[in-house]
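So this first bit is one chain, no partners, the form predicted on its own, shown in structure tokens.
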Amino acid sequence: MNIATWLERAGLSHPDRPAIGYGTRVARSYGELSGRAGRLAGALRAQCGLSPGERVAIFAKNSPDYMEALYAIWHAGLAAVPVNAKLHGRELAYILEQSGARVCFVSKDLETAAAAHAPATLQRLITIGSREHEQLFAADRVAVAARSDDDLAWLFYTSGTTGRPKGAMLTHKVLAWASHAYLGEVDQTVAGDAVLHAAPMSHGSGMYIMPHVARLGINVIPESGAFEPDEIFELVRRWPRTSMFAAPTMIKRLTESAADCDPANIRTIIWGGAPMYVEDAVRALDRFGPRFAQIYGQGEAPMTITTLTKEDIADRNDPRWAERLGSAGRPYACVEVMVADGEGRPLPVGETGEICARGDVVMPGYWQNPDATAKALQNGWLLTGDVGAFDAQGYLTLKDRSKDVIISGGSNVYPREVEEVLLKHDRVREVSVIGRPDTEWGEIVVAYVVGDVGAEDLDRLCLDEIARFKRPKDYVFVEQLPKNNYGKILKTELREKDTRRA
């Protein structure tokens, strides 16, 4: 089934209900959004000459037009290629060429960069808000194109921190299963509930567009186009029962903000994209109350491998609460999850190995990349590259990415465990632990620290909390840590910096 059918149904049954909020005002009703998406779909088919299955890119910042373009692409039977608006033009060019996108929608302020790097394969660059763009809506509305469950809907390009980004093929079935999983296990949603897109719609936040359309919710977009706690709190006051997907760094900014916020209007804040340190989670709970859920997933299994529910996060009376707060929760009902050894065999409870997943929410492969597909999908399982362990109650704890594990003197050291300890110090704001090559130990543990604290204090803290061999051999104090566009700390870049420093 075409995922665009959900919008068509909403437009027919409840045309006057608000579909998109832009800042504090209603920008589109469901009738308007469905009608405009259908006409834009007609233009993509008739004027741009696109046939079902072809790819259309969106290189734009969050806006009502973004959602309109996304649904028009699906309505026409095409596949969307959402591209992070913060990428360099050369990075955009690679994705456009690799995906074979013939048309690209672009924000006005990104038009120059996109045009300068447009590959020969791109036939049309459409600037959102331009006269050319508006004229497309004069086309005749077409019917929603028939698509099968296994047809491509979204090419989700990885961040590419270790090489060229790969396009995870997300089918209509994958998007539908991810939406059902969200509504069933993360955030029960009813008509009129809002979701606030404070993170890029090209990635994690965009995955929550579909379930809210299915339930007649309101997709709210900040007008600033940036993540500003003051604006977020204003929008929370304006829109009832608001939910939001946020990276842990974003939640930390909200927690530390001096701006006033009444959390009563917050339905759920879902964190994902990186683990939340326990100390940060506790501070967020203290400020906003029991309104948090956690998801763990990847672009290859979008947002849907395990989830830590609001009930688990809120239950401070549970004797294992702190331990569970540090976990990634339990597998979704629609997916199998296994911790495996190097031969792909399941490991018993408590043993650490690679996290693997399979189910209808997992991608069928990478776009035009059979070698990467063969490495990622083996015997029906997605090999995530993440390291973790199950406990006796079925909760999965992430240790680290497999490439981030430090082997010192023959023993494995998981950076996150050391980072959790260092963050207990009240003068440590951020920390990232990496391995540094060493002739005697193979690798030694090195901590990069943002904060006003001395190495002696941190050493004492570590010796009180963890085994001596896990203690950092060196502390490097910095003003900030390198991060990507989503707030993830770039350990690869940190290791390169450390190598130059040595």
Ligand code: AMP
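The first residue of the sequence shown is number 1, and the count goes up from there. Quick caveat: nothing in here was measured; it's all calculated off a predicted structure. C-alpha atoms forming the largest set that superposes within 1.5 Å between two forms make up the rigid core.
Heads up, the form predicted together with the ligand isn't pictured, but that's what we're talking about next.
The ligand is not shown here, but in the model of the complex it comes within 4.5 Å of a heavy atom of residue 398. Although the partner is absent here, residue 353 sits far enough away that none of its heavy atoms falls within 4.5 Å of the ligand in the model of the complex. The closest non-hydrogen atom of residue 407 lies within 4.5 Å of the ligand in the model of the complex. Contact annotation: residue 412 falls within 4.5 Å of the ligand in the model of the complex, judged by heavy atom distances. Note on the partner interface in the model of the complex: the residue among 98, 298, 243, 205 having a heavy atom within 4.5 angstroms of the ligand is 298. In terms of contact with the ligand in the model of the complex, the residue from 171, 294, 189, 268 that brings a heavy atom within 4.5 Å is 294.
The stretch that touches the ligand in the model of the complex, counting heavy atoms within 4.5 Å, is 273 to 281, out of 89 to 97, 334 to 342, 178 to 186, 273 to 281. With the core held fixed between the shown form and the other one, residue 32 has its Cα displaced by under 2 Å. In the model of the complex, the Cα-Cα separation between residue 469 and residue 339 grows by 3 Å or more relative to the displayed conformation.
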